[in-house]
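The chain below stands alone and is given as structure tokens, in the form predicted on its own.
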Amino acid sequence: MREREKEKTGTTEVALKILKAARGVFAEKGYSGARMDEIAGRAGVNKATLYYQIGDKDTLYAGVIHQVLGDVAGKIATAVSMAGHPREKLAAYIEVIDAAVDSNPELPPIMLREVASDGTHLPRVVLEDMAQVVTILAGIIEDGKKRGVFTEVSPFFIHCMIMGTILMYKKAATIKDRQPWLPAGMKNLDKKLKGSAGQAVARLVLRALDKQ
């Protein structure tokens, strides 16, 4: 009974293994460079099983990104609902995104490739996930404006500030750390961050939105 329910939702153990393998391949090689036989090999299944469990390449790619972003949207909604003040809601919004990037290291390269290619391969379900996230942010900002704590600003602009800073910072940090010729003083600059990258971004964004 339990196995049948999993099959209906597409979350069988085999499907999860395939999605995990696909995330790695798409992150390393992008949509165009990813090959279904390589994904099947990494998942330890044959291509017939891959197609049966998930579907074609487009469906697999959509599933990989939706698995992360859909979950993030739900976690953001929960975290925001538990916060009271708009400033607390916005901080929670940012920290959930930061935690999601940490938990899903394949997400930054996949999303940065999509930005570079003008979203060529982004499926509708993923765009709907993004719209849901930005809609939550718009509600937070509108609440803050009504309470007189936030200034007038574009929610999508603020979302790009948040996502762009977190994605670029985390990817650029790994590049910087691999350069042996960089002075130790430059490598140690990050130690001045108080708390996580998400908390640092939250402080900057909140300061920018502060109507006072």
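The first residue of the shown sequence is 1; numbering continues from there. Note that the structure is a prediction, hence the values are computed from the model and not measured. Take the two forms, find the largest set of C-alpha atoms that superpose within 1.5 Å, and that set is the rigid core.
The next section is about a form of this same protein that is not shown, the form predicted in complex with a further copy of the same chain.
- Does the 4.5 Å heavy atom contact test between residue 109 and a further copy of the same chain in the model of the complex come out positive? Judged by the heavy-atom cut-off of 4.5 Å, residue 109 is in contact with a further copy of the same chain in the model of the complex.
- Message: Can you work out whether residue 169 and a further copy of the same chain are in contact in the model of the complex, taking contact to mean some heavy atom pair no more than 4.5 Å apart?
- Response: Residue 169: yes, in contact with a further copy of the same chain in the model of the complex.
- Query: Does any heavy atom of residue 47 come within 4.5 Å of a heavy atom of a further copy of the same chain in the model of the complex?
  - Reply: Residue 47: no, not in contact with a further copy of the same chain in the model of the complex.
- Looking at the partner-bound form in the model of the complex, is residue 178 within 4.5 Å of a further copy of the same chain by any heavy atom? Yes, residue 178 lies within 4.5 Å of a further copy of the same chain in the model of the complex.
- Which one, 41, 70, 164, 55, lies within 4.5 Å of a further copy of the same chain in the model of the complex by heavy atoms? The residue from 41, 70, 164, 55 that makes the contact is 164.
- Task: Given a further copy of the same chain in the model of the complex, answer whether the residues 14, 66 and 92 all have a heavy atom inside 4.5 Å of it.
- Result: No residue of the spot touches a further copy of the same chain in the model of the complex.
- Item | Residues of 138-157 having any heavy atom within 4.5 Å of a further copy of the same chain in the model of the complex, listed in sequence order | If the 4.5 Å heavy-atom criterion is applied to a further copy of the same chain in the model of the complex, 138-157 yields 138, 151, 152, 153, 154, 155, 156, 157.
- Rigid core fitted, is the C-alpha displacement of residue 146 between this form and the one not shown 2 Å or more? No: residue 146 shifts by under 2 Å between this form and the one not shown.
- Note yes or no: does the Cα of residue 35 move by 2 Å or more between this form and the one not shown after the core is superposed? Result for residue 35: yes, a 2 Å-plus shift.
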